[in-house]
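Here you get one chain, nothing else, as structure tokens; it is the form predicted alone.
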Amino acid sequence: MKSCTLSEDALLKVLLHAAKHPTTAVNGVLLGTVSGGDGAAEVSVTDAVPACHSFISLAPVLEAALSQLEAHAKEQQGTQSGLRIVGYYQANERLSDGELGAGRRFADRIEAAWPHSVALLLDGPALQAGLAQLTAAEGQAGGSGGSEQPVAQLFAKDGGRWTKVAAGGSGGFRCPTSGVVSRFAQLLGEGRHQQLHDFEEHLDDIALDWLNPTLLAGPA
């Protein structure tokens, strides 16, 4: 893989999914586009769709979510050319846990069906540090606060193994940083995390829209 660009909205949805279920691991599916070929693929992640929060290792739930998302992507081709499944995301139960763990199996499943897909993992320590910096800055006159460090890690398949992709530069992993923690804190204050619904919740109540198309739009 040559590079991967993650949109701010997609990242915020991952963060809000984790915030809604702070005592459990969560996972979901990444949507976007892929250009280029083997060895030079450029992945653009434009959306994150939450899947599970209770038992993220349950394959049937994720398989059902993938099937519906594949159909959704095809339906959107008229307005979002090339939209497809481009990866898997996960936030671990312990924020200090920086391993994909059992999530590698799902990442493998997605990459096998949708080549060049990536795996995104929430960087708990980086997020905590960013929130701490924001809180400290708010107590200082004129402080802007916020972290300029990525709050997510990216993994790509390389020779059959998932390896971490370095952030920054024209290649590698381009993760939004400026103002992200501040906007996340604002969305938390507005209760947006409680308005987010994942596929697991959708299975319990089909009236809940797990695509969350308006989650980040307008006032809470």
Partner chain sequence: MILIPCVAPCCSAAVWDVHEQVAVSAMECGCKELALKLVKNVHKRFPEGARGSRLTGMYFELMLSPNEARSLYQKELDRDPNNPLMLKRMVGLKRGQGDLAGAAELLKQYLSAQGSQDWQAWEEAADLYLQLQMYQQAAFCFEELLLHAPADATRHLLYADTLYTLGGAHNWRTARTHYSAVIEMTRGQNLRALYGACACAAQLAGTRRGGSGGGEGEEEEGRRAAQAPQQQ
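Numbering follows the first chain given and starts at 1. Just so you know, these numbers come straight off a predicted model, no measurement behind them.
There is another form of this protein, the form predicted together with the partner chain, and it is not shown here; the text below is about that form.
Exercise for the section: Verify the contact flag for D209: yes if a non-hydrogen atom of it lies within 4.5 Å of a non-hydrogen atom of the partner chain in the predicted bound form, no if not. Expected result: Yes.
Exercise for the section: Look up in the predicted bound form whether A64 has a non-hydrogen atom within 4.5 angstroms of the partner chain, and give yes or no. Expected result: Contact check for A64: yes, within 4.5 Å of the partner chain in the predicted bound form.
Practice task
Give a yes or no for P125: in the predicted bound form, does one of its heavy atoms lie within 4.5 Å of a heavy atom belonging to the partner chain?
Solution key: No.
Practice task
Please check if A132 has a heavy atom lying within 4.5 Å of any heavy atom of the partner chain in the predicted bound form.
Solution key: Judged by the heavy-atom cut-off of 4.5 Å, A132 is well away from the partner chain in the predicted bound form.
Practice task
Just give me the single entry in S178, S57, Q186, Q195 that has a non-hydrogen atom within 4.5 angstroms of the partner chain in the predicted bound form.
Solution key: That would be S57.
Practice task
Look at the stretches 186-194, 34-42, 151-159, 49-57 and give the one with heavy atoms within 4.5 Å of the partner chain in the predicted bound form.
Solution key: Contact-bearing stretch, as computed: 49-57.
Handout entry: Within 4.5 Å of the partner chain in the predicted bound form, all of R105, L203 and P213 (non-hydrogen atom)
Key = Yes: R105, L203 and P213 each sit within 4.5 Å of the partner chain in the predicted bound form.
Exercise for the section: Scan 83-108 and write down, in order along the chain, each residue with a heavy atom lying within 4.5 Å of the partner chain in the predicted bound form. Expected result: E93, R94, G101, A102, R105, in sequence order.
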